[in-house]
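Have a look below at one chain only, the form predicted alone, in structure tokens format.
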Amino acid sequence: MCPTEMTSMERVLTALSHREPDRAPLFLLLTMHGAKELDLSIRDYFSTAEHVIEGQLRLRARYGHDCFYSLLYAAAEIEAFGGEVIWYEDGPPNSGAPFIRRPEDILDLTAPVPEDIPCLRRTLEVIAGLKERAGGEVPIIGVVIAPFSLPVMQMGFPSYIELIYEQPALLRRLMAVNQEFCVAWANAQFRAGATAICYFDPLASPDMIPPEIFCQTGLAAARHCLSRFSGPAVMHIGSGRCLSMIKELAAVGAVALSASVLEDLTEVKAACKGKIAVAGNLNGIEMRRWTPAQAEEKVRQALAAAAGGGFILADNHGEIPWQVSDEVLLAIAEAARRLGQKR
């Protein structure tokens, strides 16, 4: 006999408590696809909260996944600091030239107030609008860029790596400003109605930086921020591997951790058991070229590897590319509903 169907909120909360819901939750982390639903350019789509709210509603009506995703574009945080944003017709807006041109510029850096920044206010309006329509039945996922990863856009990767190794005092100053902003931005989203915050920290992966360096720097920043969030957080390290760092990452206070396609999901799930839930690990890059049959098989493999509760099916990066077709997304959603049921 099939169990009573849960709401998306019930399904997600059950999975995060390491129990088995009626079926594994599915997060389709779609940002730009709402523009296709409304027949708008990406830039026009993100220009008003009303567009994004309507896009998220249509996407969930089409695919039936288990969340609303309030992220507009990651470079909005750079825009908040006065930095440049570059727009594309077929991909997410990106940050332009670094606005921290010399390490000494960090001394004059101050944290912006989220409610004072038009692009961030727009995100808050999106969250509030989705909250009104969700009726408590659908989780709303907000996003912040971790203080340890944000400098990649603030000052550029080479300059930031040099700062980490050569100028610890300025690094501490930059982390302090970014932590102040991160906590304020996360809590503004919670006040607007976000259910949880995705703490996006791709530089935390051992693929990006030696673990001992992260443990001396970014790990403390994560603990500081999450301890001050007014709601739950998901630790997301992009597409990077996490298996060798699960003990440390599971201890920062997050309710879930992203899993990379570069690692065995069964091993990640086993290492996280009883410590932290797992989200992942469909390959968003390969997804652009999948057939519906391939999409179904990838879903089958992920669900089999992560059986037993404590798992959310999602892409491994945190944003599904613009080029992924409706046909493939529908195949993922249908396979998740059919194959993810509790047996």
Partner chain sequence: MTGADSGVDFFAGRLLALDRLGAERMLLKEAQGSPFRAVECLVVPALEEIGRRWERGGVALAQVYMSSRICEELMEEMLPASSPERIRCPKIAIALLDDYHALGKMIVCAALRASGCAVRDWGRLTAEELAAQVVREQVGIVLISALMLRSALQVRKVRQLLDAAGSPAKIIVGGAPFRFDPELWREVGADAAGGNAAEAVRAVARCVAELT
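Positions refer to the first chain, counted from 1. Values in this document were obtained by computation on a predicted structure and should not be read as measured data.
Just so you know, the form predicted together with its partner chain exists too; it's not on screen, but the next bit is about it.
Candidate stretches 183-191, 121-129, 268-276, 155-163, one within 4.5 Å of its partner chain in the predicted complex by heavy atom: Looking at the partner contacts, the answer comes out as 155-163.
Contact at D90, P210 and E286 by its partner chain in the predicted complex, all three, heavy atom at most 4.5 Å: Answer is yes for this spot.
One residue of Q216, S230, N94, Q167 in contact with its partner chain, assessed in the predicted complex (non-hydrogen atom, 4.5 angstroms): The option sitting close enough to the partner is N94.
Sole residue of L262, L109, A220, A251 within 4.5 Å of its partner chain in the predicted complex, by heavy atom: Spelling it out, the residue with a heavy atom inside the cut-off is L262.
Contact of Q56 with its partner chain in the predicted complex (heavy atom, 4.5 Å): Flag for Q56 set to no.
Partner proximity in the predicted complex: G83 to its partner chain, non-hydrogen atom cutoff 4.5 Å: Contact check for G83: no, nothing within 4.5 Å of its partner chain in the predicted complex.
Distance check, S239 to its partner chain in the predicted complex, heavy atom within 4.5 Å: Because a heavy atom of S239 falls inside 4.5 Å of its partner chain in the predicted complex, the answer is yes.
Contact of N316 with its partner chain in the predicted complex (heavy atom, 4.5 Å): Yes - in the predicted complex, heavy atoms of N316 and its partner chain come within 4.5 Å of each other.
Partner contacts for 4-35, taking its partner chain in the predicted complex and a 4.5 Å heavy atom cut-off: Nothing in the stretch sits within 4.5 Å of the partner.
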